[in-house]
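Next up: a single chain in structure tokens, the form predicted on its own.
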């Protein structure tokens, strides 16, 4: 499964100055308590007072410690094997974590390295593409700073990405295989008789295994909902649109899904909706086989029929 988004945050005066310096090929640290911290700290770690003085340090430094990345992961600074290292830059008292592009056999504590600046800079720690051995041939080390826009970097955008593999339980496996056939199944607790969809494996009320599969229709009732008005990267539906909790007929717990097929302002609690499935040739073992829900054209459900499922 892939999860990703761009995280945007304001930098504040200290980190803004640090990022702006990186665009210009300069590395700034903060002086506090007789030490120079790189990256700069907004507050002294001992006195907790704001750090008022920024100082420039060298882009040359010494490896304090390191570990080898034999198989780089997607999104890391280099696509070939490299070292993660703590590097104490000349003029700094604290080390900076960054990547070193060097052969494994040359890596050692005490190694002297120098920043290799990216050709295009945007105000990010990745404006330093990596560090190289000082005796290595350095390219674009002393480039034309005037070629980079040096306006203050008051905001930063950090891509967040997570890729993970989920091992489905036996109950989830049956649920997912049923979706590949265009069916929805839940499971019933043998004690309280509640039906859970997707299946839970164990009843959260009684703590006993939910042993009985129950096939459910793809029609249900909206219990609660929210209207999404704010756009964001990767959004597949143009706002405004609705995400709703849909209680399928025969189920005792609603699940969240997209509601389309009518103006967002027309969606309401108690509205009866029906699943709209993707074309059969696109079906996999995934809940995304249901593209969205749309109005079923039935009278609204009475509040009492779903009041206990809000």
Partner chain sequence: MKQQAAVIGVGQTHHATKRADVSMAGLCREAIDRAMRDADVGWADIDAVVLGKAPDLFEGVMMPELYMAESIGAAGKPLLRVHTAGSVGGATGIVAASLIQSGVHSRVLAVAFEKQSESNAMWALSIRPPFEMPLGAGAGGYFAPHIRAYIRRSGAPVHIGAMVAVKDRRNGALNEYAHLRQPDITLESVQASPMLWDPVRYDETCPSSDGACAIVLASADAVQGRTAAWVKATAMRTEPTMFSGKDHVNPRAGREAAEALWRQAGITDPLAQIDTAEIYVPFSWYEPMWLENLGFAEPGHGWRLTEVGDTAIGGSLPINPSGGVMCSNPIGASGLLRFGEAAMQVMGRAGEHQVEGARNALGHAYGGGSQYFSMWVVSSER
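Residue numbers count along the first chain shown, from 1. This one's a predicted model, so the numbers in the text were calculated from it and none came from an experiment.
Missing here is the form predicted together with its partner chain; even so, the following discussion is about that form.
Using a 4.5 angstroms heavy atom cutoff to its partner chain in the predicted complex, all of 229, 241 and 253 count as contacting. At a distance threshold of 4.5 angstroms between non-hydrogen atoms, residue 48 is in contact with its partner chain in the predicted complex. Its partner chain is not shown here, and in the predicted complex it never comes within 4.5 Å of any heavy atom of residue 208. Remark: residue 237 counts among the residues lining its partner chain in the predicted complex, judged by a heavy atom distance of 4.5 Å or less.
Contact annotation for residue 124: none of its heavy atoms lies within 4.5 Å of its partner chain in the predicted complex.
Of the candidate stretches 85-93, 71-79, 114-122, 196-204, only 196-204 contains residues with a heavy atom within 4.5 Å of its partner chain in the predicted complex. Of all the residues from 12-41, those having a non-hydrogen atom no more than 4.5 Å from its partner chain in the predicted complex are 12, 13, 41.
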